[in-house]
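Consider the single chain below, provided in structure tokens and representing the form predicted alone.
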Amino acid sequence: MQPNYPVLELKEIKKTYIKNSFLHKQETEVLKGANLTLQKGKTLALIGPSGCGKTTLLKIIIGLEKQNSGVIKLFGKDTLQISKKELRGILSKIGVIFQDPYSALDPRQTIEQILSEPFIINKKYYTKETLIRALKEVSLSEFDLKKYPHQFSGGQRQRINIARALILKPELIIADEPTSALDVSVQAQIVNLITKMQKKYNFALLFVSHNLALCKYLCQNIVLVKQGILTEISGDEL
């Protein structure tokens, strides 16, 4: 039975950073009442210039920051109204593909350790076959399990990031500019891989990018973030 609530819903999210100095207090309003809705299986793009509030919004969604006011609902649950244990369970349904495939992987860990970490953190059962299947889904080999990140190209590292993000079969994937640090020659491969995985697993995708053409190709809806305000637009409006 399909849920009758959005995977992600933001209502009037506001965030202000306060910097205290010896002489005065400086307040910077980063988000000014952000509203956003994302349904299961759908793709929504967030675009906007650096410093517009995109990163802060992502941190609030995945629990690294707290909003000053407003409501964030994940899978129908208000994140401020549930226990820490329930919140951890909800956050395990979110996978994140980071922008920089080089810094996102711990160079001291093998790929096997990197892929098993989500299971260990969330106390979930897995086998070595689980990890092998995850690698094969992103066109890598079981022999890569014993390797370290430095033994892979940038595109291959991003495939490992995608495998890690998908390994718990999340219902929401947040892709934070997943192609911007890659060579042009492999960007299309990564986008096509994400699209292929979404069709297979039907997860909701929040795609952050500066590339409008890519957003038009990939996403059903585009949201412009400008000076802390979110506005849903069509590609023709930009």
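Numbering starts at 1 and follows the sequence shown. Keep in mind that what you see is a predicted model, and the values were worked out from it rather than measured.
Just so it is clear, the following notes concern the form predicted together with a small molecule, a form of the same protein that is not shown.
- Proximity to the small molecule in the model of the complex, defined as a heavy atom within 4.5 Å, holds among C52, A181, M197, V186 only for C52.
- Contact with the small molecule in the model of the complex, defined as a heavy atom within 4.5 Å, holds for exactly one of I173, V30, I190, I61, namely V30.
- Although the partner is absent here, H210 lies within 4.5 Å of the small molecule in the model of the complex, judged by heavy atoms.
- In the model of the complex, the small molecule sits within 4.5 Å of a heavy atom of Y17.
- The small molecule in the model of the complex comes within 4.5 Å of no heavy atom belonging to Q67.
- By the criterion of a heavy atom within 4.5 Å, T43 is excluded from the residues contacting the small molecule in the model of the complex.
- The stretch from 197-205, 165-173, 33-41, 52-60 that comes within 4.5 Å of the small molecule in the model of the complex, counting heavy atoms only, is 52-60.
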